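Alright, here's a single protein chain in two forms, structure 1 and structure 2, each given by itself as structure tokens.
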Structure 1
């Protein structure tokens, strides 16, 4: 079955937004709710989307509830950060993307970039970037973690050692007052460190909610990072330190 104009457009919207609503789509296309429902049912039947009450979502693949909540938290901020970061990535370049909902937002923002080579240990990132035909996706293998679709373990670290890319784009669980990047899982931290080691430029993407939080394992310091993409100014002393370290701070252009 070939998809209609409208259906493939719905799919496109879902890829970008992560979700679509019946009402909104009906308004947008100027058709009845029933027609949209039929479209969504068909897309769900062929496995392209997951149907939910009131709309549909990208195929869940890996997501569970806690993950969904995290993904929707600060969704706008994350999308804005992702756009800014994607704008800093030239076409024809290679990059790492690690685990995290913000890096997934970056993957979505990269759907229009051409000729990228992306190495990732995040199943969701791979699932998103499959849609970008001109992009080579390399999955660093490992043990699949249900909670967030991350691949971790020795296998992952080993695989990453095989590459050297232009940009590392990493997320973090927490960014404390000293400018240290922190995470909860030491396995994941080993992967993140390997990623930083194997890349020429390193970018941190983190929304403001990560700021001032804490977590037990240290990934790196902001002084090891070339630029941090976030959505609100950092505290004054951290800003000062960043300028000493030569770490650029990039905020989304206000709108």
Structure 2
């Protein structure tokens, strides 16, 4: 099916933001809700989007979205999350940063911090933090994944085991209604689990588009995380679970 100009625009917005809302699209394009619903249904029928209540989101599956595409998605939200997370990291501390576009944003937000030791399996994070002369950067070696600059595999997992740091800052590809952190690559997941084991406190950084997405491999639960940094309130049921688990939910402050 050939896409209309409006449908192509809608798909472009979904690729940047991860999710689109019927009412917002209707206002944006000056058409009826029924017209937008029809567009979303047609895009879903062709496999480009998944319909969800009130809108649609990029199709979930067993493979992740391309890394450059993910880097553009919700860039402003990721930057706000990163600033909030970085504010919670004191100077003179040690931390892990794993693979992900949001952890890269955290690395940028840490450029003015002093006396940090950062262990990472993310070549992009390492290259960002080179600009901070007060930061010691340790790269956990392993097999380089060219698609995103990540280092994975048994060598990486073993390298992580040699450290015990103050903070783990990790990302995730999906966060389901049960509070499980999910990802696509089992090797990457093993590294993330090792990072959580070797940290005194653990922080998740994830924008709201991760809610409702699906991925096949479980990293951990929010009950294993000390705080989640996101840009929108979690669903009520999940918020109550986090309260029971002692997992803080931290949202960016208005600038």
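Everything numeric here is computed off the predicted structure, so don't read it as measured data. Positions refer to the first chain, counted from 1. We call the rigid core the largest set of C-alpha positions that still match within 1.5 Å between the two forms.
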Eyeball the pair and call it: which is the form predicted together with the DNA? 1
Taking the rigid core as reference, does the Cα of residue 228 move 2 Å or more between structure 1 and structure 2? no
Quick one: core overlaid, is residue 237 moving 2 Å or more at the Cα between structure 1 and structure 2? no
Students should find the CA displacement of residue 23 between structure 1 and structure 2, rigid core aligned, in Å, to be 34.0
